[in-house]
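Two forms of a single protein chain come next, each set out by itself as structure tokens; they are called structure 1 and structure 2.
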Structure 1
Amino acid sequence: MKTLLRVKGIVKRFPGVLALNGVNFELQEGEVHTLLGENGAGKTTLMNVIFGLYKPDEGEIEIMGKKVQIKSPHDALKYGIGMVQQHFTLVPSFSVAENVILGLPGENLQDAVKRIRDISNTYGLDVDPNAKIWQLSVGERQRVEIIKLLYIGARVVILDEPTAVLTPQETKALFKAIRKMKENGTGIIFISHKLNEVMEISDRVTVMKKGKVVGTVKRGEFDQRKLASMMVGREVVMEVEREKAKPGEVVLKVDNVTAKSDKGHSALNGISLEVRAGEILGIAGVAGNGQRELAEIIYGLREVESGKVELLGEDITNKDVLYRILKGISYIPQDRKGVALSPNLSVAENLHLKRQTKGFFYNHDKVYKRAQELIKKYNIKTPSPDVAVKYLSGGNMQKVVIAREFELKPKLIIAVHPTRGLDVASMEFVYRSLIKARDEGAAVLLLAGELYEIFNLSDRVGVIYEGEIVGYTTPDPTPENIEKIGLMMAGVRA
């Protein structure tokens, strides 16, 4: 196989941080080469260097054996390198076809529509070329980003955490498209924290740690345990041992609640559930069936049209968010950047935000000192507590959110995809933290996208479909129970 891309001795420095320290990496024609590592290991920084978003301080990049200078994404695309980032770069009011040919001179829209259909059929990337971007699901938008790269003939495709926002069905369709791209000679750099996916799709895996390459292993030479050990430097326990729950009083009661989505459609249709002190109730379901709206009506971010929300017997329906924070509700939202954090504030200030609501006078020295303690306790990788939180990796942003919420010693924790974007060591830490909070008497409502996470943590499992709980089951990962949950996720009532 030909070597499409080779990087040699790449060094990248930021103020106070050596992000990449002599990194070597190569990608061959028709292979999936996965890049693994803890948050802050340098994976995304390396990809940003390859894609021309960052200029390396030292090192070389070769394309098809020829040394090149990549000073911008335009240069990268010229050399056949494309990247689908975690945050998409599409114009919502434009059609799929208009987005695909945006910035390409001399392209005819009708010809583009035909070619996009051909690409969609060839790679199984089902999308309507005439649909507006705002009308598409997250999975469909990702397909558009991939089609954009295939349209310009990219030979190297970088996928940065591509399954983080996908349903299991969409992930399956993506992997089918990746295999087709491989057949046609495209090289794919795949960045993911999900070891089961890495095992399924990878031909080679390169593990990074603290800006250096730990090693590269080929298919057949690795399993999940070995990869986790390479990343963390020790064995990681993903199956969290826990004692049987001892549920106490009802902390949260949602009674026959209805609510609308952002588009004005019915999102919650008479949903009812209870969560008790000292238990974790996991909610399983295909994304878009009311999970987000359920979390928001409990936290006060969305209006309840009818029904009641009670906390420890008190009716808090449509009370404001501050009232609920003071009453002991903590919230780990799906959108950490847009909802959970203030990106321009420092790490220390973000860690302090909810303590300020409880009347603490802001004292920079005390806030800074406490932030240092939490940064160490939660292993948050940041050059300083004074660094703006927007400069942290996605996983470290999530750690800031989790540290702030857990340290409030809440009565109720609403956790929506709490490990999304986290590395295996951080996931292990979050799992243990949720179990610890449960054992200390908190009620935990867990809305996770991965069934293994729900099985691993939950004491009871409820299944949501079209804004209703259609049934409950035990967190038992037997084939029979998984089939039962799958049927309920498709709307078949227990």
Structure 2
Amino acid sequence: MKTLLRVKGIVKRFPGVLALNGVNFELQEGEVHTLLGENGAGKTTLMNVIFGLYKPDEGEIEIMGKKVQIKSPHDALKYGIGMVQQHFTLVPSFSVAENVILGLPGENLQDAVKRIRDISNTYGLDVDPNAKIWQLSVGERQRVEIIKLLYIGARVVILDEPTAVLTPQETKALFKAIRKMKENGTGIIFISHKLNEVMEISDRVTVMKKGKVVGTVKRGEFDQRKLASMMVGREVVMEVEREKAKPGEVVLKVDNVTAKSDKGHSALNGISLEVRAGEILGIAGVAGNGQRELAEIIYGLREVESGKVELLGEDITNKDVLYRILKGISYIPQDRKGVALSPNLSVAENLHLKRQTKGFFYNHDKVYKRAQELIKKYNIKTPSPDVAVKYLSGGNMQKVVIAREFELKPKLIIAVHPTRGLDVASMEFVYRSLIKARDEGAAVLLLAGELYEIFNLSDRVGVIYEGEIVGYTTPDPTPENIEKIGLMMAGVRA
């Protein structure tokens, strides 16, 4: 087997951060080499260096045994390296085919449409070449990104956390395509947090931590436990301990609510549920079955068409968000950078955002001081409270959100995919925080995609399907119960 790519001693510094500290990595023909590591470990930075987006401060890159300089993606593409970035690089107003031929000399649109269809069929990457990108779902967009690479015959394919945005079915399809690429001798660098996926697809796994390689292990030499412990440097007990819930009065009551999605389709179809003080109600379901809309009607971000929302017996259906915040509703949205935080404001300012203080002026010293305390209390890793929050890793951003929300001593917490994209340590932190809030008497509504998360945290489990709760069950991870939930997620009523 030939070595397609080898990097040696890569060092990359950002202002105040040593993102890569002497990294070695290699990729062979026809292998899936997974890069695993906590958030902020430097995985994306390494890939950006290989793809020519970042200029390394030190180190060498070899392609097929020859030393090369990669100064831009243009160079990378020339050497057959392609990358699907975490944030897609597609022009929304262009069609799929236009995005594919962009930058390629001597391609014409009609031929491209045909070739895209061929590639789609061969690799099972279903997408309409004439559709506009803005019309496509996230999963479809990712397929377009992959087709872009297959179209130019990339030998090295980098996939940066491709499964973070996919449904289980879409992940399956992606893995099929990856296997097909392997057969043709393409080398794939796969980045993911999800250990079960890593187990399934990888031929080799390299674990990174704080800008360094911890080690590389071959298939057969690793299992989930081993990988997890390599990642965090200690055995992780993902089973979070907790007491039995002591549910109190009903805090949230959603009664027969209907609402529309952004696109104007009906998203909630007469949904009803209750959450009591001191309990966590986990809602399982396939993404896109009304989870986001449910959270938004409770928090007041989305209009209710019919039905009622009650908080502690008070009808709040038509109240605005501020009123609900003051009444004790907290929201941990799925979108950390856009909805939960204001990326360009500092950590201190973001921590201050929802506090209601008297007077017209804002006291920087006080805000700064309080931020320092919260940074300590919640163990937020940031160079200073004055750093823009966008520079933090995902896990630390989520800590900022949690610190801000939980300091308000909420009566009701709505958490949507609260650990999406987080590393194991941050995940554990989020779990503990939610359980602590519960034990202090908050009602928690958890909307999550991962079943283990639901099992780990919930006191009761409901399943949402097409904007309705189709049934409830217990959070027992027994095979029978999992099957039962699976059936409900597919719309079969309990």
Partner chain sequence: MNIEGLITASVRLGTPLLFATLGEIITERAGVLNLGLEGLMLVGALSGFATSYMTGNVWLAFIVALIAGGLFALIHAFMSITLRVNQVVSGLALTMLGSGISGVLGKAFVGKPAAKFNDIYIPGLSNIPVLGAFFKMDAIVYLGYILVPVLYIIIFKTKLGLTLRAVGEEPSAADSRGINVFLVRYIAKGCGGALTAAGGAYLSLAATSMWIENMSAGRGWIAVALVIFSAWEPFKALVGSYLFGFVMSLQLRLQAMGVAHVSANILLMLPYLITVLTMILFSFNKNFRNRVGAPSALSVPYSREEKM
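Between two forms, the rigid core is the largest collection of C-alphas that superpose within 1.5 Å. When a residue number appears, read it as a position in the sequence of structure 1, where counting begins at 1. Here the structure is a predicted model, which is why all the values come from computation and not from measurement.
Shown second, as structure 2, is the form predicted together with the partner chain. Residue displacement note: residue 218 has its CA displaced by under 2 Å between structure 1 and structure 2 (rigid core superposed). The rigid-core alignment places the CA of residue 372 2 Å or more apart between structure 1 and structure 2. A displacement of less than 2 angstroms separates the C-alpha positions of residue 148 between structure 1 and structure 2, with the rigid core held in common.
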